[in-house]
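Okay, here we've got a single chain as structure tokens, the form predicted alone, with questions on binding and movement later.
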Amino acid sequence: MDFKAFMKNFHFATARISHCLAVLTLSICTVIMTQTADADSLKKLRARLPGQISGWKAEPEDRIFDPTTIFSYINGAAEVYKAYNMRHCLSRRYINPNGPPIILDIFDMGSSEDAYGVFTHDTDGEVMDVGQDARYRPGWLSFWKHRFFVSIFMEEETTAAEKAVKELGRAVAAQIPTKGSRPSILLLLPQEGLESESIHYMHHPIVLNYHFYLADENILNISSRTDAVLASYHREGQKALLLLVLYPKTENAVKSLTGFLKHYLPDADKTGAALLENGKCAAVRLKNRLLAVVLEADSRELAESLLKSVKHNPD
């Protein structure tokens, strides 16, 4: 190799290395900036939280948890929050000498979609006009707003504590100025017979198995790159459970369809329907990147009607 060729290759290699270093630096900076923004977002909200409410006063020190340390706080449910990409959790205790402690937990989920998702993990309770989609069960108020999921509960239920919990919920929601957007995959659900309280949004198989056990293995390849929604239907006295999974690419959906038929519906006919051991019907249909699965329905007619009425994704 002559000197000119050597120098040409040398400059080319140097340029490639410089480019790679620049990309790596940008990636590191992006991660740091994102983490800082997450912390600042919760930090700003924290500064606006009430120090006292209806006779309950906040303890001097709040606790902050990240996706690792959250297990030391709520070990039993921490996996659920991680499944929705929890960034940070702020926990604050309010004390009243004449009443039970009230615990406020604010989870920064990073996006309104994940805040909505973790909220839908448990939607039992009385509907309240607090934040977005608030629910109140005896001793516990929860809601989502923007990128935050808020949980407030009392260690012992009393009339005064219930009043304080609800007032605290309104105060917290008022300090979150932005409303969140629900996941767009919800727009693909058929509306006829939809039981809105049954909707569960997810992108992790552990959450799906919690609401409907499918398999030990992730046969539908549900991941952070997919959107999934599970919902119950009631039409003309019959019930069904519908799952939609939207994949990044059509080939991902095709692969998942193949795995689902092999491991869950091996007896499916050419239309993708099969009779289950419990006498119910299951069926599956592929629509571009969208896989629609009736996990169980009281009749084949209902299963086929649901699949037919699933809206097509933009592809």
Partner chain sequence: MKKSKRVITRRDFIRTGSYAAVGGLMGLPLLSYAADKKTQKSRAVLIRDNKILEPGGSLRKSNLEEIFDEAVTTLLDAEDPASAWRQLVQPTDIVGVKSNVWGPLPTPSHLEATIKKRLMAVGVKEQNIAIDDRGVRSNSVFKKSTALINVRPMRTHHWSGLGTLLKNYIMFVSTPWMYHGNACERLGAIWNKSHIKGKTRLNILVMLTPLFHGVGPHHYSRRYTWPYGGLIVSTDPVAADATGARIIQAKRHEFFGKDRPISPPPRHIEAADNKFDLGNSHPDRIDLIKLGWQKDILI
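Because the structure is predicted, anything quoted here is derived from the model rather than measured. Positions refer to the first chain, counted from 1.
Beyond what is shown, the protein has a form predicted together with the partner chain; the following relates to that form.
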property: Heavy atom within 4.5 Å of the partner chain in the predicted bound form - the one residue of Asn75, Thr178, Thr159, Gln191 that qualifies; result: Asn75
property: Contact residue in the predicted bound form, from Ala58, Leu45, Leu265, Leu286 (heavy atom within 4.5 Å of the partner chain); result: Leu265
property: Leu275: touches the partner chain in the predicted bound form, heavy atom cutoff 4.5 angstroms; result: yes
property: Non-hydrogen atom contact Ile219 with the partner chain in the predicted bound form at 4.5 angstroms; result: yes
property: Contact flag, Asp129 vs the partner chain in the predicted bound form, heavy atom cut 4.5 Å; result: no
property: Partner contact for Ala174 in the predicted bound form: the partner chain, 4.5 angstroms, heavy atom; result: no
property: Stretch in contact, per heavy atom within 4.5 angstroms of the partner chain in the predicted bound form, of 146-154, 192-200, 160-168, 179-187; result: 146-154
